[in-house]
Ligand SMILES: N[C@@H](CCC(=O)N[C@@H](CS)C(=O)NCC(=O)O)C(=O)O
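There is one chain below, alone, in structure tokens, taken in the form predicted on its own.
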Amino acid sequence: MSHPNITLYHANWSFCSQMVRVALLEKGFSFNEHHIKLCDQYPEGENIDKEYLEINPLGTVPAIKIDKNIICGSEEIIYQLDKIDSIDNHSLYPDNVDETEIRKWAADTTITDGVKFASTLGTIMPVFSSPLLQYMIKQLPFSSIVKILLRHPRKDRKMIFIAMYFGNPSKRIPFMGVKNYVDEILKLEKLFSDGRTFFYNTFSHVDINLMCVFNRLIDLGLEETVSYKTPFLYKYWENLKSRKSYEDGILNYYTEKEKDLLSEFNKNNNLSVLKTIIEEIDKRKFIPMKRFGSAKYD
């Protein structure tokens, strides 16, 4: 079986890059790698250089070249990758589930442009990540901020960088996502109360996204929100961590730079948002269902 020539443009720590790497590994595809030094973490800011903007005019990662075709955005990349036959013919879109439903869940669990601020589990992650993002931005030299202002193709990103470099907006932003986050977590807890191993029992695109969501919670010191308070979801998270793709596609890409940055960030990380989330979970009444036959929430 011949496979296409695949080149991945990605960043080690990028949330959506993690998703695509896991998908490639789950499908058993070999791929070439171009590591892009993002402007929020590195002074070089390679994602807003002319060379990369020719690949993805939005200046975001990941992007992928499959033979001569370039695809941007994790959701669409994974969808297109799944159409390519793999060695074991494992599909990330199970035949017994409506494709439209899977794509809806995939969109809700990743960062999707045009989606209302902090309205889905995927769009809540950048909200919770804002203190870490601000911490990284404040480490950048002023020349990097100038480069961002001159070259970044997205006005909203420019405004975020300016606000975080000169101010402290991330002190309040994470709290904007608390109630919606608890809604989503408790809905998932209800879903997994029937004992299923994965979202559709067989590993899918949705599981890839949730793997990356839960891993990001660890980075942010919020992993307690998926633990003893949500035992069914915690068991599911343990299943996700047991996948080889979790180690190979996510953990193995944490370099000393990421590890050191996280260590320094968490020394002074204000975890009052964690306390607020736990308190919000405790307010809700949740009665586990013995059976939950649909992958849809009530």
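Worth saying up front: this structure is predicted, and the values here are computed from it rather than measured. All residue numbers are counted from 1 along the displayed sequence.
Although not depicted, the form predicted in complex with the ligand is the subject of the following passage.
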Looking in the predicted complex, is the ligand within 4.5 Å of a heavy atom from each of T120, E184 and K241? no
From the candidate stretches 162 to 170, 73 to 81, 176 to 184, 220 to 228, select the single one in contact with the ligand in the predicted complex, where contact means a heavy atom within 4.5 Å. 73 to 81
Spell out, yes or no, whether the shortest heavy atom distance between C39 and the ligand in the predicted complex is within 4.5 Å. yes
Taking heavy atoms only, is L140 within 4.5 angstroms of the ligand in the predicted complex? no
Please check if G59 has a heavy atom lying within 4.5 Å of any heavy atom of the ligand in the predicted complex. yes
Y9 versus the ligand, in the predicted complex: is there a non-hydrogen atom within 4.5 Å? no
I need to confirm a contact call. Of K190, R196, H152, R103, which residue comes within 4.5 Å of the ligand in the predicted complex, counting heavy atoms only? H152
In the predicted complex, the one of T112, T202, S91, S144 near the ligand [non-hydrogen atom within 4.5 angstroms]: T112
